[in-house]
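Listed next as structure tokens is one chain, alone, in the form predicted on its own.
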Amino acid sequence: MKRIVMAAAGLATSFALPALAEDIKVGLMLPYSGTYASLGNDIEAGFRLGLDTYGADTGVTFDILTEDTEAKPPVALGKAKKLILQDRVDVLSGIVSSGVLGAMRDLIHGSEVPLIVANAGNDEATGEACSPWITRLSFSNGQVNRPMGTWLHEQGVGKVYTLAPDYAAGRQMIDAFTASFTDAGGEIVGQQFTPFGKTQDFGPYLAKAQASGADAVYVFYAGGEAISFVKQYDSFGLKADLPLYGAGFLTSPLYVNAEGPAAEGVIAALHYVPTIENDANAAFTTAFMAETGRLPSEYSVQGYDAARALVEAVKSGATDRASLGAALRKVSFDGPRGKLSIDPVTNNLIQPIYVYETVAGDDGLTQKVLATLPASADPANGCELAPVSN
């Protein structure tokens, strides 16, 4: 804390102005190259807009230091050590890859530097590997997909074939969907995991799905892989007889236009689409479009809400690593996604999930919300959070 002492006639006064927080140094760790580069850029755009929108009246300057994780755990770990030990950041945010989050967990926990997760959905990070220093403002992999399994079976779908990239997020998302779908009475007739970041031809996998006897296909893909998959699924001629469902990253507003007409009719579940109707989302979409010239995506709203969470923590009086870590766990507000709160048991975000269909609109592809699934907390899954002392 900085205390400004006034002096007059060469003598110090007997009082001081109210304490002012030092500038908050933020380490923003995102992929700016590789498969997930577009995600990283969108999260940063949302984060900066969130600070501009909510942080102006705090009296604090937020100094942002960016680092490219490349979505590679060893690279990210080295960058995190630099930000923590050399740059002495007060808080970290970002992290797109679940693998990166898993690799960073022990460093964050041991160094006691708060991390606001603005994307990575690694279930363990708010489960068995939870830490009081890690607070998630995005989603967990299970949270997005678990309600979709129940909902899809209620729509009359009995048999499903699943596909996802072979890394932590892909497996956790499919596992969550599979568990709820089979619990509801559905059957998984086949499952494949494709090499992450290396699969260019999905044809052999689609052929197996087509021959499986499934009523539908459920997948998780994001970024460049999502664009390739959706286009190839359509060109393979499967959509008419084998409807495509998935985690909503598949047809994200960030890159759905790159998928084009191939994305029409795909139904997915996600925690945010720009067509959600509430005042906070109307203000956010207007501001984001004015700033970037495009509609926001789930990635940009995650950055936006991560920044707001940081601002809310600062407004509560948090000024350093310890107090920020404690305050972030108590954050709640109504945002573009709806009502958000942090589960004190896991430090994971509690939020509604939206089922939506990609449809053609007057100005291109848009999202038609089909259902709002109620917010629910993830199971603790072995998480035992100790208090943060400050």
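Predicted model, so just to flag it, every value in this text is computed and none were measured. Sequential numbering from 1, following the sequence displayed.
One more form of this protein exists, namely the form predicted together with a small molecule; it is left out here, but the text below deals with it.
Check whether Asn119 has any heavy atom within 4.5 Å of a heavy atom of the small molecule in the predicted complex, and answer yes or no. Yes.
Should Phe47 be counted as a contact of the small molecule in the predicted complex, where contact means heavy atoms within 4.5 Å? Residue-level check for Phe47: no, no contact with the small molecule.
At 4.5 Å between heavy atoms, is Leu152 in contact with the small molecule in the predicted complex? Contact with the small molecule, no.
Evaluate Val219 for contact with the small molecule in the predicted complex, applying a 4.5 angstroms cut-off between non-hydrogen atoms, and reply yes or no. Contact with the small molecule, no.
Among 90-98, 231-239, 207-215, 261-269, which stretch has residues with heavy atoms no more than 4.5 Å from the small molecule in the predicted complex? So the stretch in question is 90-98.
Contact residue in the predicted complex, from Phe181, Phe284, Trp133, Phe139 (heavy atom within 4.5 Å of the small molecule): The residue from Phe181, Phe284, Trp133, Phe139 that makes the contact is Phe139.
Which of Leu349, Leu39, Leu28, Ile353 has a heavy atom within 4.5 Å of the small molecule in the predicted complex? Of the listed residues, the single hit is Leu39.
Within 4.5 Å of the small molecule in the predicted complex, do we find a heavy atom from each of Leu163, Phe202 and Tyr245? So, no: the whole triplet misses the small molecule.
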